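Okay, so here's just one chain, in structure tokens, the form predicted alone.
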Amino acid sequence: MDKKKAKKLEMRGWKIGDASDFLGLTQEESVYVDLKVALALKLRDQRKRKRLTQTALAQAIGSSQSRIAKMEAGDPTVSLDLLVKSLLTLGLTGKEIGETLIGGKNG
């Protein structure tokens, strides 16, 4: 949003911020959420690149299709362990996962 529009909204009583501001997240919590979202997006992208269904990936990691759907949607109940395990199962290296976490190659 451009500064002029933001200033107009603030003058009318609106508060401008991002999801972290709205949810009252600490810096650490915000970074954690960003990491999980990056891994979730990478998981969906890689699964589709491999032309796998959610069911096929679920079978490969010993889970369920609904769990894969939750993982790809960034559900907060999904652990980082499961996201990383799934990416490794899809053939990503530790280096590639690391690049995803630091905002490197994302595709």
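Computed from a prediction, not measured in an experiment: that's the story for all the values here. We number the residues from 1 along the sequence you see.
Below, we refer to the form predicted in complex with a further copy of the same chain, which is not included among the displayed structures.
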Considering non-hydrogen atoms and a 4.5 Å limit, does a further copy of the same chain approach residue 79 in the predicted bound form? yes
Is there a heavy atom of residue 25 lying 4.5 Å or less from a heavy atom of a further copy of the same chain in the predicted bound form? no
Please determine whether residue 35 contacts a further copy of the same chain in the predicted bound form, using a 4.5 Å cut-off between heavy atoms. yes
Contact with a further copy of the same chain in the predicted bound form for residue 56, defined as at least one heavy atom pair within 4.5 Å: yes or no? no
Can you work out whether a further copy of the same chain is within 4.5 angstroms of a heavy atom in all three of 84, 94 and 101 in the predicted bound form? yes
